[in-house]
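For reference, the chain that follows is the form predicted alone, supplied as structure tokens.
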């Protein structure tokens, strides 16, 4: 499959939802979303539909169709992780005041009524075998996307914000933004500052495709810019991606 890596055709997938939160890492206590979907969130949507050890998704562009709208929400969150010894069953402790001990109310600034088109392709990994070819995975992805099949429900940054999705087939015109606003970079390109590209994991620690983060796992960032409603994403090995 490696010699056919370049033959991986581009895919276009439309995703939309009522809310989204692509959390800025510098504001993870009180969650604040980036203005638009991040490349890592787009990759997560694609992998929810089709993930195989033999391929990795490369996001190339994200089109923003709806105006950027915000919504402030207060919600209850738990401030500790569930222990694996609980076997999936967890009960909060009660504090001296008679209220749940580990539940806290947090504010969040989320996106509302989002609609994106993800442009992506996949390429082979070192785990691709002799029977793994692009055509097989291309047809598999399109078949699953058209039927709405997925390994788990895709989400828009946070798991509670479920995403709907539909593929855009070759020859089908691309949907256009509802409004050509300066927020989307129509009057002139709009800089969004540093944006999380993805987390580059240390694969040497993987066992049976189960990943455990090590000190060698690194986040990558790039300078995001909106131009004519499009966020162009550099290749993962590009010098534009800082790790």
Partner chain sequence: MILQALHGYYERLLDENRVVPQGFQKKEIPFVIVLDAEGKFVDLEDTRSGEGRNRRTGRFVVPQSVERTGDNAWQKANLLWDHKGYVVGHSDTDHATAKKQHESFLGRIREVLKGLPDEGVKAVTRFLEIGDFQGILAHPTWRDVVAKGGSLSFRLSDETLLVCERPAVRQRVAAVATSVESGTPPQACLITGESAVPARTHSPIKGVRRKNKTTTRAKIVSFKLPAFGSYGKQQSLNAPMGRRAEFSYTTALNTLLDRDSHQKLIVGDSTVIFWTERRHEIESVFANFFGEQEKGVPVQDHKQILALYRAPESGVRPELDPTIRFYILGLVAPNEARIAVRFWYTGPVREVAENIGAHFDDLEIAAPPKWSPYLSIRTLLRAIATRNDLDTVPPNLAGDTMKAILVGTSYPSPLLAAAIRRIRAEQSQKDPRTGTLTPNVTYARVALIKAILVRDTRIGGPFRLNAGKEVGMSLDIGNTNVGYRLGRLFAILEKTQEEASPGINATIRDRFYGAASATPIAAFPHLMKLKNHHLTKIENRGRAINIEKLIGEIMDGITDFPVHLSLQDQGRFAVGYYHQRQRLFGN
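This is a predicted model, so every value here is computed, not measured. Residue numbers count along the first chain shown, from 1.
The form predicted in complex with its partner chain exists for this protein as well; it is not shown, and the discussion that follows is about that form.
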Inset, instruction - Sort through 178, 205, 199, 174 and report the residue having a heavy atom within 4.5 Å of its partner chain in the predicted bound form. - result: 199
Inset, instruction - Answer yes if any heavy atom of residue 16 is within 4.5 Å of a heavy atom of its partner chain in the predicted bound form; otherwise answer no. - result: no
Legend entry - residue 127: touches its partner chain in the predicted bound form, heavy atom cutoff 4.5 angstroms: no
Inset, instruction - Determine whether any heavy atom of residue 105 comes within 4.5 Å of a heavy atom of its partner chain in the predicted bound form, and answer yes or no. - result: yes
Inset, instruction - Indicate whether residue 32 is a 4.5 Å heavy atom neighbour of its partner chain in the predicted bound form. - result: yes
Inset, instruction - Using a 4.5 Å heavy atom cut-off, indicate which stretch of 127-135, 72-80, 146-154, 160-168 touches its partner chain in the predicted bound form. - result: 72-80
Inset, instruction - Flag this candidate site as yes only if 191, 213 and 218 all have a heavy atom within 4.5 Å of its partner chain in the predicted bound form; otherwise mark no. - result: yes
Inset, instruction - Residue by residue through 224-243, tell me which have a non-hydrogen atom within 4.5 angstroms of its partner chain in the predicted bound form. - result: 242, 243
